[in-house]
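Take a look at this single chain in structure tokens; it is the form predicted on its own.
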């Protein structure tokens, strides 16, 4: 995910809302004396964020073109088009006990799954989530991976019940690692740099699988990594296990990314490389896309103030990490220039990232006559007292920001599908095609889901869009990594 999930900026609260019941000090600053009406300010915001069909088509076409350029040569476009080395996907025939480790932020998950083949599928799963102590985020590579291996060892010791490892076999694990990695094979990858607040010494430039394998050896844990994947690839694999029509996976949460199944002969930069299946999963890292996006002054100001100005522009326009901050900047402008909250301005509204995307979602779900939830959030979070009219404007701002995000994400999905259709030897759009989606923004923001689907339908038309299924694959990356450990097992599977 890029973040995940693989965000490229500092960590933010997960996509959940926690509202305080306590009042907050109403520190206020004076509004400029010569105010203008808020209505034209809202109209301008809506105009600047507008995504009519020609804009969506330009974004989709540019996504397809950038994909081709990135497949032709490394550095050929904004899209890295990273090869995952996953060339065999789960079929449902997989049997046995497999583990997964999902490391993508300050929490990591360990999981085990007992697979029973076509008849029994997933017989049982167990998982455990652990928070990484803050000191280890700034410690040494050995300290971090020893801690992870210790958790894995304790988890493996609790194995029992429906979980059975055949005699003579080593436990195999799929490793979901959602930090920038230059993958060199299905079970190796060099860490390019730590992100998301990690500053661990001694890992960058080294193989993260080797780091984990060595730590497991030090802890006496009889386990080996058989697949290294990022969360988007894991989501595709997990969804494909249940539905063979899945060809694209998208994470839309704190961060965003997409991957898809590509033919090896359609990847010029991989000329001469062999894949038994003739296919592989390509990771777009689509957060870096930037062409034709309708951006506002608030987007540009937020980008300029970010830790990576000029980078990850698509991610900053569509992912959960940033939507609340864009809305905050728009509301701050309306409060200063248009007296949105009366003659004085809530001082907290000037604090970057105080308004987060879960607040936007909660306010848009408010169906009360007086928008009571909106009023409570404005008061609790930024100390603003509001009337019904200002609350309605706030909801319109939320809707404007998320509508643009959802529709641009939909255009990005169509860009991937278009590329596949153009290269297809058969009528690609005439058959059922599934896009697996995961991430908190998609899962917990109903309007966002709706805008994605509307954009896809507009771009493809009613007949073709009926064949495109966008479905939620909840927490697919964890079980997906375990499934990829199975498909890449060193042992023969008794199919």
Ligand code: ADP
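Numbering follows the first chain given and starts at 1. Please read these numbers as outputs of a predicted model, since none were measured by experiment.
What comes next is about the form predicted together with this ligand, which does not appear here.
**Q** Would you mind fitting this ligand into the shown chain by superposing the local C-alphas on its pose in the predicted complex and telling me if the pocket reads open or blocked at 2.4 Å from backbone or C-beta atoms, 3 atoms or more being blocked?
**A** If you fit this ligand onto this chain using the C-alphas around its site, the pocket comes out blocked.
**Q** Non-hydrogen atoms within 4.5 angstroms of this ligand in the predicted complex: do 104, 107 and 440 all have one?
**A** Yes: each residue has a heavy atom within 4.5 Å of the partner.
**Q** Flag residue 58 as yes or no: does it have a non-hydrogen atom within 4.5 angstroms of any non-hydrogen atom of this ligand in the predicted complex?
**A** No.
**Q** Please tell me whether any heavy atom belonging to residue 281 falls inside 4.5 Å of a heavy atom of this ligand, as the geometry stands in the predicted complex.
**A** Taking the distances in the predicted complex, the answer for residue 281 is no, it never comes within 4.5 Å of this ligand.
**Q** Would you check, heavy atoms only and a 4.5 Å threshold, whether residue 215 touches this ligand in the predicted complex?
**A** No, residue 215 is distant from the partner.
**Q** Although the partner isn't part of this model, could you tell me whether residue 238 comes within 4.5 Å of this ligand in the predicted complex, counting any heavy atom of the residue?
**A** Heavy-atom contact with this ligand at 4.5 Å: absent for residue 238.
**Q** Given the stretches 357 to 365, 416 to 424, 74 to 82, 138 to 146, which is the single one in contact with this ligand in the predicted complex, using a heavy atom cutoff of 4.5 Å?
**A** Among the listed stretches, the partner-contacting one is 357 to 365.
**Q** I need to confirm a contact call. Of 287, 174, 253, 346, which residue comes within 4.5 Å of this ligand in the predicted complex, counting heavy atoms only?
**A** For this set of options, the contacting one is 253.
**Q** Which pick from 401, 302, 321, 382 sits with a heavy atom within 4.5 Å of this ligand in the predicted complex?
**A** None of the other options qualify; the answer is 321.
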